[in-house]
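Take a look at this single chain, the form predicted on its own, given in structure tokens.
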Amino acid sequence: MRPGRRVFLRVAGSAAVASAAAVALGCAASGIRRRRLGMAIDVRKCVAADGCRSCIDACHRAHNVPAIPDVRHEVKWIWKEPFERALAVEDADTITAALRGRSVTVFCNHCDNPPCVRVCPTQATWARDDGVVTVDAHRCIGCRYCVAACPYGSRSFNWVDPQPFVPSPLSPYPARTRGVVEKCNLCEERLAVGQLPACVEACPEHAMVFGDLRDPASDIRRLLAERYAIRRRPELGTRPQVYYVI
């Protein structure tokens, strides 16, 4: 005699609960904790090296970012913007007087609530478990919905073939083609082998601090605990994970 539907559901439910409990106990026993990677930039250290492009050059070299002279087709992973445009604070006259007119480093904010991910129709862009928001150029269909959704201007579209504009010698990082979007990925290829992002290693002022925001002992958490930090347009609810220590 075949078991009734009610019996089947009761058995299946018990199995699911037991499986979930086993996973939870296993994680607790092994001390598994998802890390949340982020970046903090000491703005005063950064602006002290006026005109410095070490982080930009290192990033663009590592990822074969094309140097296209036509600003309409410019591709950039990391760049600098005037402080007033990049960061707005209510008490700017008292807190940021020394920073007025200076340039600060900006790039993808690897948001906890990334609007770019929500609008992508092919899941070409997604957030990893550690919070890094990345792009799969093979899935990208060039719709540019993510470009429109990003409130920080952190994404570039390849309007032209980027290959003729890639400085040599080339790095091993995969080349892109015309018609796809690209941006900072926090050097996921370097993270995979235990290295820091190229921009962090290249900064001569040690103004960029990278690490696990959920680890109280990490350098980034200690810095944020000691100094006042702001984020870009937090009122939008995107929860940026790039902090500017001022």
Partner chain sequence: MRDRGWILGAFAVVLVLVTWPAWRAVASAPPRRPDLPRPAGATACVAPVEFMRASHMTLLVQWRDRVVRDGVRTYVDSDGRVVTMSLSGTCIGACHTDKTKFCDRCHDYAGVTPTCWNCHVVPPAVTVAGGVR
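All of these numbers come straight from a predicted model, not from anything done at the bench. Residue numbers count along the first chain shown, from 1.
Omitted here: the form predicted in complex with the partner chain. The next part is about that form.
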From 75, 132, 124, 106: within 4.5 Å of the partner chain in the predicted bound form by heavy atoms is 124
Heavy atom within 4.5 Å of the partner chain in the predicted bound form, from candidates 192, 67, 48, 217, belongs to 192
- [ ] Would you check, heavy atoms only and a 4.5 Å threshold, whether residue 138 touches the partner chain in the predicted bound form?
- [x] yes
- Item | Partner contact for residue 188 in the predicted bound form: the partner chain, 4.5 angstroms, heavy atom | yes
(Q) Is residue 101 part of the interface with the partner chain in the predicted bound form - any heavy atom within 4.5 Å? (A) no
Q.
At 4.5 Å between heavy atoms, is residue 155 in contact with the partner chain in the predicted bound form?
A. no
Within 4.5 Å of the partner chain in the predicted bound form, heavy atom basis, the matching stretch of 174 to 182, 48 to 56, 217 to 225, 34 to 42 is 174 to 182
